[in-house]
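Given as structure tokens, the chain that follows is alone and in the form predicted on its own.
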């Protein structure tokens, strides 16, 4: 078979116990027609006994010294193609340094699945469930710090399916990372790296590329394509008339099922272009190239596409997963300050849902750099993997959006940017949640970015009336997403009319 060409060296699989590194290494090696190497197996061969017995007799420090020696030798081999490392090998700084010439793939694993697979299997650090889970959490950041590629939990065959995308890393700018996205209807790669747009990076290849963008983005970013359709900028253009205009230009250009749509722009372009791809000839491929912060942390992922009606936001749409998402953080340097601030509201929302390290970073005032963008998009992808069609857990992603969408509709999608409306809606949701201290903290975060903390124009009653038309209403009621604490965000709450009206009054100028 064709030899692997990636951005660097061999494929080295890292991850916690039970992540499936050995089986994934074998599967990858079978595709690449080579012999896989397994560090733990090589250590046992040299010790002449199981790791467990040596570990128990000599202690962990002695084992780690032996492990480091063996792993460094394996990483230096000229014939190395695929290698699976033990879960603790990255504790060695020398090993982490030796990984630099290689493409490191982090196979994530849910701690419960890891315990089920590893306990009682002769693993010395898989004997105490509580300590096992602590170790899983402690090592996560270490794996991420060296990973070029992340395969999410539950995707034991994901490394093989991601192989074409792994090959494509060779054509991407240095430092590009790949996150594998999974949903019931399909999976796809997310490439994250500075300079991806300017380099002309394209994935997947083959077929013609019909670029949908807006008039602002078209003047700033040159995205490779065979034809271009530029709509007016702004939410007001996300409608059926614009969709028809794009669809007819696709037809005139002779776009077919072997071709793909490239959405280059913010959330409006992404939603509209994805909708056109989902409906044109009953569905063709599309790629998202998000150029705004809102799109890079939220709207470009998960397959929701659609356009607005005067009666409500996103009333017409379809689920249609992209074939790839190409995230270039350097595109954010072209954004006006107000647009970047609007995207920050989605960052805060996502950090509240994620909790943990992402919330700690955001609450400390971190700018939305590549690490924050990665944290946000990985949070969204994890939620979508659990619930693609918005029937359960995915509804938490609507935190702040129920009131935010109503504010947008009440002001004819022309007064507030989407992120600005979401930020105001987020404050209303925290008021409804009864979390006053968290409300004060989030108010400070949004205010520090210059975001509006109250809306002007329509009455609270008008906005409340539009909330009742939300497309997610069931049984005559609109379910709300509320916050118990960062990392504890739940959906499906019933809110009394008078409570909703009071919360909207609180955020009305």
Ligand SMILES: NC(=O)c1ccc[n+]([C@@H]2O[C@H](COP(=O)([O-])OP(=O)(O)OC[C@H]3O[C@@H](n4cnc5c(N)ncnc54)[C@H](O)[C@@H]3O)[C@@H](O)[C@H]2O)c1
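The structure displayed is predicted, hence computed values, not measured ones. Residue numbers count along the first chain shown, from 1.
Beyond what is shown, the protein has a form predicted together with the ligand; the following relates to that form.
Trainee: Is it true that 266, 269 and 314, all three, sit within 4.5 Å of the ligand in the predicted complex, judged by heavy atoms?
Mentor: Each of the three qualifies.
Trainee: Taking the ligand in the predicted complex as the reference, which of 183, 246, 335, 74 has a non-hydrogen atom within 4.5 Å?
Mentor: By the 4.5 Å heavy-atom cutoff, the listed residue in contact is 335.
Trainee: Identify which of 233, 147, 410, 438 has a heavy atom within 4.5 Å of the ligand in the predicted complex; exactly one of them does.
Mentor: Only one listed residue qualifies here, and that residue is 233.
Trainee: May I ask you to check whether residue 379 falls inside a 4.5 Å heavy atom distance of the ligand in the predicted complex?
Mentor: Contact check for residue 379: no, nothing within 4.5 Å of the ligand in the predicted complex.
Trainee: Give a yes or no for residue 106: in the predicted complex, does one of its heavy atoms lie within 4.5 Å of a heavy atom belonging to the ligand?
Mentor: It does not: once the ligand is placed as it appears in the predicted complex, residue 106 has no heavy atom within 4.5 Å of it.
Trainee: Is residue 331 part of the interface with the ligand in the predicted complex - any heavy atom within 4.5 Å?
Mentor: The answer is yes: residue 331 has a heavy atom within 4.5 Å of the ligand.
Trainee: Taking 4.5 angstroms as the cut-off for heavy atoms, does residue 239 touch the ligand in the predicted complex?
Mentor: It does not: once the ligand is placed as it appears in the predicted complex, residue 239 has no heavy atom within 4.5 Å of it.
Trainee: Which of these stretches, 211 to 219, 175 to 183, 110 to 118, 364 to 372, has heavy atoms within 4.5 Å of the ligand in the predicted complex?
Mentor: Heavy-atom contact with the partner occurs in 211 to 219.
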